[in-house]
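Both blocks below hold the same protein chain, though in two forms, and each is given as structure tokens: structure 1 and structure 2.
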Structure 1
């Protein structure tokens, strides 16, 4: 018994030391970054801090001897490459080594997700992590969670419910993604933009955000035209047919703005068939979203021009929020926007493909 207490105290001391070390090192790093003014270094520093954070997480459970129980409700990982990466990221973060006891539930249907949430509440998890299939219908179940003292954290998708019902919401800013892409396209300085716009499933947040920015730009500029604007419902075959029909009609175009990588791929297949050149310095500019590894490889090979990121790596953000709550800290921001980039084929590197590819 005595030994156990001793071990616990030692472990706690080690954890404290680690925390101290971590804070000082990140301070150093950030002052370095300030000197050199390089964003990359702050990123590294952030990673250092994260790594250190993980170390403390490893020792912390030994200190209080209890795992944090989380119930994770996600969409079906088969849905897309994005979801697969998201799920893998969650599974890698919420492990016993990191101090978590995680249970997972998957469904693309809202009612099934709500049932899963109710089950997690009955099981008395500490935190409920939720990527909702649909925005509505969550009020009562989240109220139940709050009454049971369970912290709710939304990731990837927001819901129509009072902000008081959840601790934080970690989301992508789809409007920003669209804006970044449109700004990039504008920076290409073409005389005329004849765009084939291939949309995702109509009404989805990603479609609305990515369409909105382009629509606004086309409306305000005379030299931006939409040759066609069609939904391919994230489906590469449909995208191929849509582009094929434009080619068959003999209409001129020089930009393909596809709202995800799969659809861009389908569009490119149609171009290849008609021997229309595409990529850096070629006839048609290809733009995609989501940063699949193979898509970034296409950028690296100069076959595509642009790929916008939709960041699926939310686990570390969630982990941070949970750590804050457990340590009794205040959460200042309800909505945490993920950092997202846009990649240009002329500047992308092989490291980017490895690091950001999903």
Structure 2
């Protein structure tokens, strides 16, 4: 399997180099790619012949006689309802029944994820699937994976790395999520926006995208003010403490912009404790992200005002990319952006809660 992946990566790298303006002819590049793949397949055939009859009982073979080994690096599934759904989606897809031998590693810290990635590279997985805790610091690891013939596929979150270091990126458009939310908030037509901004884990793609749009709007608008801007690291209890400190200080506010549902929930707990009304037509506008079913129910009950969708179901897209690579097919889309929307408490329906809630 590794030889097939390596051949596909080499062919993709050659194609990208040619698109960048290489001077060799397309016929010569095609000949080189064909020779590379033919050599890889010849070597694999020899290995298969040598290993004939030596299958172990540890893993059942897939339909083509060999399981695809994947190392999956994700954030802590207990981080949020979104992450729980995302992890469950990955585990449902990457099973022996579907032709995979999958190993999982979890952390909210970039350095721990990088250590896990290096371990997967040493273990010679076929593919490395990555939802990075931070957007930076991945170049050397991805280069090591490419040198080892391991295909890297990003999911959920983007990173700051050259596109030639990974096969594909299946992600949400976090910047658009933030812009959609800010546009909705602007449409509410408040005379003055005094905002408690509760951020996620700093440096993550979700935090950067959801923060960026709000920061830009505040910078350009005299009547938009940040009462406080702090990270609660996706945590409900920390979010409650942030809002409670603002209440205790006696500072006026009328919007809570929380970068995930759990933090919005914690913020609301502080409001309820202080008997401050919130939701449609009330004192404080409540905004969250991720569209947990319970959060959309809060919109339906008009206790919250807005929730931005973040689609956790990416495994089927990743499976499609892997199968294309294994079969020697061309990957026509380097980046796949998942479709998402924002929900307003005044227009959401019970059907929306059932259809989009995670």
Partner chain sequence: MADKKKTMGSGVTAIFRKQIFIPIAALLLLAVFNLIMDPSFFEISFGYNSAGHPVLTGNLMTILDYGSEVAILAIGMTLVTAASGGQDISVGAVVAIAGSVILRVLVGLGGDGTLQAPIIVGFLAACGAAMLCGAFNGVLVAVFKIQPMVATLILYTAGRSIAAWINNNELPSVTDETFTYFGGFIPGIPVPTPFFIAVVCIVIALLVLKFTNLGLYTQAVGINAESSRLNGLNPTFIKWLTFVILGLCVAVVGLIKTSRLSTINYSVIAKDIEMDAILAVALGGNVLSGGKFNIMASILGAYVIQFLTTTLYKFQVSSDALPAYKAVVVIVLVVISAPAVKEKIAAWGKKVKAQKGDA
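Positions refer to the first chain, counted from 1. Heads up, when I say rigid core I mean the largest set of C-alphas that superpose within 1.5 Å between the two forms. As the structure is a computational prediction, the values presented were derived from the model and not from experiment.
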query: Label of the structure corresponding to the form predicted alone; finding: 2
query: Co-assignment to one rigid part between structure 1 and structure 2, residue 174 and residue 341; finding: yes
query: Rigid hinge motion between structure 1 and structure 2 - rotation in whole degrees; finding: 23
query: Inter-form CA displacement between structure 1 and structure 2 at residue 161 - rigid core frame, Å; finding: 5.4
